[in-house]
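In structure tokens, the next block holds one chain alone, the form predicted on its own.
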């Protein structure tokens, strides 16, 4: 049974009185896989992970047809980078994501993928992302104002961060959407995402060939959303620039061909970016705020840095690169609670990984959650310690720290997400006190992202 160290709160030892092991499941050292532990994966994919995944190079559950888990950096490199074409995402992944992304970047293949990726990479350049700081600050300030007007200050931080992330997406991507009802669009997006996020029994049928031959179904909520986005794209092609992501995407060109996105590709990608930048960013912000609220030394350092860098002003484009410790906190939060907790691929041919034979069509899993908590990579791996990511600290192995994936399919919005999370975290922590929930009520739950199982009910007090 996985050990649940951390539910008791801050733990004291000879090394540091400030050591904090936040609530999360992980096995006791040397604890072997068992049937009881394996059954837990049906309710949460991280609770069933045995010590073999936290300690070994590769592991396959002793049940026919189960995926191979690979943890050795060289094997992860092969799957995600050097032999990425031999390990595609597979038809189950496409079945889950097609209703959102259509023929957009996430699911495009071959030449279509390369053209979209090259064009989008110019829109999502890291150097461009700080310029979007005003959008991030506006969404965070709106949340702070809601909390100040709350009668008792009680809010569900996870729901609030979903709203903040959603507001950022709408403002940064759809700021020219005056011609349609934003509230109705938000409602329809929420309904659409709820429909897409529903787990279906067929998802547990791992045979990719089964999903390849099934007809694709989509949500009844999609048509209206796509019509609204298409109208926006048409209007923005001839409108003055607004300095948002739509402008960057409209101007993006494949450096090899000079071609930009077609209207259809732009619409598919905008809907996909809305989804990708919504849930994952919200959970990262929720966990970061919980950890900061729970750990007073980190909270003190973070506030001191924000005040020193900004001088009390709103976080601006020039401030983001200098919020070094704030970024460390975000990086550590995403280590302990990676939104994308598991990467999964299908082997396109017979091969081997770490001495294990892999047949064509078999699934290969990269357990990001376990990689982020391995004792052979991280000192005191389950403890919260932002200084792991200090500029003076050794950089983690890029195939042992995968908050945004790796290789050609690495999350293209990583720089956007980091700029947003750093800005919103700095803005909120400086403005309010957050009284976190009791540790025993906090627990990570797997879904499309690693979210808090019971939400994150907190009390917020203005500073």
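Being a predicted model, the structure only gives us computed values, none of them experimental. Numbering follows the first chain given and starts at 1.
From this point on, the text means the form predicted in complex with protoporphyrin IX containing FE, which you will not see here.
Not displayed here, protoporphyrin IX containing FE is approached by residue 417 to within 4.5 Å at the level of heavy atoms in the predicted complex. In the predicted complex, protoporphyrin IX containing FE sits within 4.5 Å of a heavy atom of residue 411. Of the heavy atoms in residue 49, none are within 4.5 Å of protoporphyrin IX containing FE in the predicted complex. For the chain shown alone, residue 192 is not a contact residue for protoporphyrin IX containing FE in the predicted complex, no non-hydrogen atom being within 4.5 angstroms. The stretch that touches protoporphyrin IX containing FE in the predicted complex, counting heavy atoms within 4.5 Å, is 337 to 345, out of 387 to 395, 337 to 345, 235 to 243, 310 to 318.
Every residue in the set 89, 124 and 403 has a non-hydrogen atom no more than 4.5 Å from protoporphyrin IX containing FE in the predicted complex. For the options 101, 166, 158, 369, the one in contact with protoporphyrin IX containing FE in the predicted complex, meaning a heavy atom within 4.5 Å, is 101.
Contact with protoporphyrin IX containing FE in the predicted complex, defined as a heavy atom within 4.5 Å, holds for exactly one of 329, 284, 71, 364, namely 284. Contacts between 248 to 283 and protoporphyrin IX containing FE, taken as any heavy atom within 4.5 Å in the predicted complex, involve 273, 276, 277, 280, 281.
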